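Next up: a single chain in structure tokens, the form predicted on its own.
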């Protein structure tokens, strides 16, 4: 299992059903963390590492603010038509600090695993071929710091208590592990709960949400 330390100055982990008022989840869903890791290693095929287990751990309590922004909704063609934009309120989180746990023991794809590729990206960053800014959530919510949770970085947060999204059959929170970007029929969720855990000790692998999609 691998831990990745991430900070994001401004972020919104939009709730899937939010429409008129764009609410944010308290921490990034597993699907968002998975997409971030794929981008980090330069992988464009999001089915490549299905079966990976991913869990976010929020280290702080980011302040929440609300902004008024322009949102696109396609009502008529062409896409740039004036009627396709409207102002909506959106929640934003500031100064997000978290750890993303990654376990590749159940991956069904070909080697190397996502866990191995993330480690290699830290060890040999010049070997990564990727494009665009590294973000967590929306493309404009750029990552400020990303580090392997080992050595001095692990020591720096040792003893700190974070809130992790872990699988729980009777949990009160459902977060997506796979998002259908065309409709919503293919979106898959994991049921879990936010549980306190002391870092840098990792959780049990079988409690990490698993990335999977519809057949």
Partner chain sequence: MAKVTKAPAPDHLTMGLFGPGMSLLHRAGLGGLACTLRAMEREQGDRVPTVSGGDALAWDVTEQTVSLRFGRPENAAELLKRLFAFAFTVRKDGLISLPGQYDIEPPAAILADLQSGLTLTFLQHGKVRQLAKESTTVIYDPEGEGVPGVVVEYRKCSGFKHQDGWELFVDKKGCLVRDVMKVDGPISPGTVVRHVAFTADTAVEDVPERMLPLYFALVGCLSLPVNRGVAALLVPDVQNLLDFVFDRPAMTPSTAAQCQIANAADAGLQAQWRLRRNPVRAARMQSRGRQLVRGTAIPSCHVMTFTPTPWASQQKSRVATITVPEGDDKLLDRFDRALTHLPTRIVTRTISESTGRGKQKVTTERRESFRSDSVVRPLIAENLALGRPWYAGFRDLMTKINPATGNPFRDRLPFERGGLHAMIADDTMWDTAGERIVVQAVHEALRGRYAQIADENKKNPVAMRNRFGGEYDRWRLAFAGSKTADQFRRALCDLFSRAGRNQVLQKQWADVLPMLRQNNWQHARDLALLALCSYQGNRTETTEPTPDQE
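Numbering follows the first chain given and starts at 1. Given the structure is predicted, the values throughout are model-derived calculations rather than measurements.
Absent from the display: the form predicted together with the partner chain. The rest refers to it.
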Candidate stretches 55-63, 152-160, 40-48, 177-185, one within 4.5 Å of the partner chain in the model of the complex by heavy atom: 177-185
Close approach of residue 14 to the partner chain in the model of the complex, 4.5 Å, heavy atom: yes
Contact of residue 191 with the partner chain in the model of the complex (heavy atom, 4.5 Å): yes
The partner chain contact at residue 23 in the model of the complex, heavy atom, 4.5 Å: yes
The partner chain contact in the model of the complex: residue 87, any heavy atom under 4.5 Å: yes
The partner chain: the contacting residue among 205, 10, 197, 18 in the model of the complex [heavy atom, 4.5 Å]: 18
The partner chain in the model of the complex - contacting residues of 67-95, heavy atom within 4.5 Å: 68, 72, 73, 74, 75, 76, 77, 86, 87, 88, 89, 91
